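To begin, one chain is listed below as structure tokens, in the form predicted on its own.
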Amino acid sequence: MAELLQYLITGLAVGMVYSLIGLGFVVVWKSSGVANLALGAIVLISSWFTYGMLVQAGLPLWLGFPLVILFALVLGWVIERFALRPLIAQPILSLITVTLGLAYFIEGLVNFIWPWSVDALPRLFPTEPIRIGLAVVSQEYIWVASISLVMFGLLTLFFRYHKMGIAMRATADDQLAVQACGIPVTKIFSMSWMFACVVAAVGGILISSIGGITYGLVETGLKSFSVVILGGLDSFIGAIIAGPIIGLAESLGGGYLSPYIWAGVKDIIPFIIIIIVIIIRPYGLFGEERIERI
């Protein structure tokens, strides 16, 4: 029972981080129709940049974290302005290919700047384990889950009440109507990419605080892609709900199946879920079904 409870808590915490990163994918998809395949690489470079600020530069947390957020904002603006905006009105395959090329470029840049493959952030949360019922759980998971919930709340308020959040939602529904209202759609595209990079950076910091900084963070971004496939490419609520489902499946499957199948089964569970969802329900749990007539 204690083992099950521990798997549930860790799975929920990691799944919430997946949801957070997945929200960045959903925002870009809804506002511009671009599948951001560079998401995992953005998580990777943001985590290494955090390492550079906190460890290599020795900056305190109150200064290092704002610089990481600023870096993410600039990165999102540069990607949209110089890589994607010139391709407006081009075939969607061109846009997807560019994001894939960006992913490889960012990974190469990370490998050039930080050639060692593994490192760790300084301790961000208390290390003493806490007891929940019969389970003993590291405080890091509780902090990660709590911060993710706070981020979800802030993002919900932003999209519901802030002018820019409302404009981004409107752009997702009807770009022509937004342009008719005098709102520059290209500005919304830039904001969506900046937003995606920020949540990817925060998610990268949270997941790195648990497992360290490795090139497996690219895979974390791909697992977040499984979240949006399950929840629906254009659904915010779907991303929030699907993340814990993926996290629980990964944690429980890794915990109970690894001794009987093979140790790496945990890492392929999210991708098995992608295949199953695409076959059974290609629009996801909450995605909008579109019927195109030829």
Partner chain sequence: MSLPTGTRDYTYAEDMAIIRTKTQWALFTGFLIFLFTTPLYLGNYWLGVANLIGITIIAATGLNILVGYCGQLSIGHAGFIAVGAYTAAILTNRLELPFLVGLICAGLTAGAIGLIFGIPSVRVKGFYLAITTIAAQFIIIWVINHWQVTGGFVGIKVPYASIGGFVFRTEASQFYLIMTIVVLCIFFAKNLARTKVGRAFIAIRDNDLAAQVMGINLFRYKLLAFFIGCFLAGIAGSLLAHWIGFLNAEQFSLTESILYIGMIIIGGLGTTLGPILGVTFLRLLQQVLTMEVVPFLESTVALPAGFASGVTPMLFGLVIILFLILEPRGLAHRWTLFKSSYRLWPFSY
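Because the structure is predicted, anything quoted here is derived from the model rather than measured. Residue numbers count along the first chain shown, from 1.
The same protein also has a form predicted together with the partner chain, omitted here; what follows describes it.
- Between the partner chain and the residues A120, L134, L157, I96, the one pair within 4.5 Å by heavy atoms in the predicted bound form involves I96.
- Checked against the partner chain in the predicted bound form, the residues A57, L61, I261, L67 give one hit for a heavy atom within 4.5 Å, which is I261.
- In the predicted bound form, every residue of the candidate spot (L87, F271 and P282) has a heavy atom lying within 4.5 Å of the partner chain.
- Only one listed stretch (183 to 191, 158 to 166, 138 to 146, 213 to 221) carries heavy atoms within 4.5 Å of the partner chain in the predicted bound form, and that stretch is 213 to 221.
- Contact between L102 and the partner chain in the predicted bound form is found at the 4.5 Å heavy atom cutoff.
- For the chain shown alone, A242 is not a contact residue for the partner chain in the predicted bound form, no non-hydrogen atom being within 4.5 angstroms.
- For the chain shown alone, N111 is a contact residue for the partner chain in the predicted bound form, at least one non-hydrogen atom being within 4.5 angstroms.
- Within this chain, M53 is remote from the site of the partner chain in the predicted bound form, having no heavy atom within 4.5 Å.
- Residue F25 is the sole member of 13 to 27 found to place a heavy atom within 4.5 Å of the partner chain in the predicted bound form.
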